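For this one, two forms of the same chain are given in structure tokens, first as structure 1 and then as structure 2.
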Structure 1
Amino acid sequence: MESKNLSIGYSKDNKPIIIQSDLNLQLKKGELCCLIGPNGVGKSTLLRTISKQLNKQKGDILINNLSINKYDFQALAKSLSIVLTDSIQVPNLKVRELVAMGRFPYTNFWGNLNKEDKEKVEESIQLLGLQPLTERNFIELSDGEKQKALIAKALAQDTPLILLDEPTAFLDFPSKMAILAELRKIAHNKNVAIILSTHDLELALKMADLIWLFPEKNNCKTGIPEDLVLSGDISKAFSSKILSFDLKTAHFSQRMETRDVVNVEGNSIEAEWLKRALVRKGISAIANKTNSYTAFYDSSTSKFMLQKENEIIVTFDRINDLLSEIENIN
């Protein structure tokens, strides 16, 4: 899939409203692409434009080197599938029946499923772990379960291009990781191109083969996650007066004024979490020669310790207790 000098947007009062312009994007089969950026920069609009649910304002979109203008409904349904964030209420439709609807481009007028169709449906159900839910009514599912069912329907459609708008929006963190890992595996193993929009930047940096970054209007950046991080594009797009981006850990943290009270020694897991707790409380955990207090974790006793001028003054089992002691130091 590729776009050439593409402008996207919508019409209001018969006037075009351009959200992004001059988009020259390219995605190969076998790649998972994460579309990221702040709200209102056109992520959903791009997905709807690629799928012909919105008219492109300018330029062209090619799928398999053919303009989407050349695709009729049936041909497009065999070339791409899409899951949007729109709420779907389908009474009296079981999960298995919903997933089976993904086979509509291939079935006859009556929607009868042949052996291959049924195998595709079962495969999609298994990939998303929906076996316990197949006989449940779709409308009875939780938001996260509904999202999984809709993704399974898109997979059952068996298209070379899959578009997903915020597919992990209602999932807990382990489920988000599992879904993205499965989508990445599907892209690689089945040679499918997948584009998904997400606000979960840290997951995107971990899992994406390619990122399309919309930091603002008319300023699209593309590349692998590592290049966009090192170029500063990720930090520029999401950092603010409140948040800062850590290049080493790829995490965002809250900007706050800190006071130098105590040094933290050691590189153990316990020491690292102690540092995190101190920073969260607005206390610097960076070594400073002017500080007379030092905190550390003693693995031989499994204790957190605070010392002053090389003399241990208190020991605690928990970080919380040590924090309370440190906060009382002026």
Structure 2
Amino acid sequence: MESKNLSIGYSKDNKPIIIQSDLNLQLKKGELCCLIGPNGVGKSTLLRTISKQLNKQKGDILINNLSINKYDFQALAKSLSIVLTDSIQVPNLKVRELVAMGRFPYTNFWGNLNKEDKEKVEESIQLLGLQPLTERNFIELSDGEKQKALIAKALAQDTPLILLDEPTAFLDFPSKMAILAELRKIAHNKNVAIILSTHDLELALKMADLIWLFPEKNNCKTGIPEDLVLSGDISKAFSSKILSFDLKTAHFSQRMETRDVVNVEGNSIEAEWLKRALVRKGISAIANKTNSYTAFYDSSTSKFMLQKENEIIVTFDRINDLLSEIENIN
């Protein structure tokens, strides 16, 4: 799939409103591409434009080197499948029936499944590990299971391109990981191109073969995650007054005014969590002998210690007690 000088947007009162322009994007089969960027930069608009639910404003989109203008709905249905965040509220729709709906573009006038259709449906169900759920009603599933069922449906549609809008929204962290790992496996093993939009930057950086980064305005960057991090594009796009992006850990942290400095000694797990607690409270925790406070964890007594200059050492059972002591002194 590729786009040439593509402008996306929508029409309002017959006037085009362009959200992103001059997009020149490419994606090969077998690659998992994550579309990231802040809210309102046109991630969903791009996906809806590719799937022809929205008209493109300028330029062209090619699928298998053929402009999407040349595809009618039926041909497009065999070329790309979608997974959306829209909720499906159909009672009595079994998971197997939903997955089988992916075979729509291939079935006959009455929608009956032939042998090949049935095989594809079962294969998709197995790939996503949905065997125990096939006879369950779709609306009774958890959010993660629903997402998997919809991906299985898209897979049964047997298209070289799959688009997913926010497939990890509403999921807990382990489910997000699981879904992305599943999608990467599908992209690599079944040799399909997958584009998904997401807000989970850290996950995207970890799992994507390719990143399409949409910063605020008309300045789309593409590349593999590592290159985009090193070039500073990622931190430029997401950093703000309250968030800073840590290049080393790929984590975002809250920017804080630091008031005090406490010297935390040691590298134990407890010392690391003590540092985190101090940072959260706006206290800079660095190993520096010149500070007036020193805090450390004594593993022999399992207690947290705090020493002010050369006064006596105070011991605490919990980090919370230590924090309130520091607040009291100030």
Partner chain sequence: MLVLVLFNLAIGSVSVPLSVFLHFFDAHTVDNETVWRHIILESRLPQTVTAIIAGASLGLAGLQMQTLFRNPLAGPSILGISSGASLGVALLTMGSGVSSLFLSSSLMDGIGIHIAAFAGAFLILFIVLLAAKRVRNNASLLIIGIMVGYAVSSIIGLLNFVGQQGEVHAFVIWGLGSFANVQNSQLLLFAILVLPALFLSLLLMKPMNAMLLGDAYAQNLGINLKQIRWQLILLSGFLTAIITAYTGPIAFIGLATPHLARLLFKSSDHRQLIPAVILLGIVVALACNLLARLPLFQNVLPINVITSLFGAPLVIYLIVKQKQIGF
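Each form is matched to the other, and the largest set of C-alpha atoms that superpose within 1.5 Å is called the rigid core. By convention here, residues take numbers in order along the sequence of structure 1, the first being 1. Predicted model only: the values in this text are computed from it and were never measured.
Source of structure 2: the form predicted together with its partner chain. For residue 30, the Cα coordinates differ by under 2 angstroms between structures 1 and 2 after the core has been superposed.
If you fit the rigid core between structures 1 and 2, you'll see the Cα of residue 319 move by 2 angstroms or more.
In this overlay on the rigid core, residue 54 has a C-alpha that sits less than 2 Å away from its partner position between structures 1 and 2. The two forms, fitted on their core, place the C-alpha of residue 266 4.5 Å apart, compared between structures 1 and 2.
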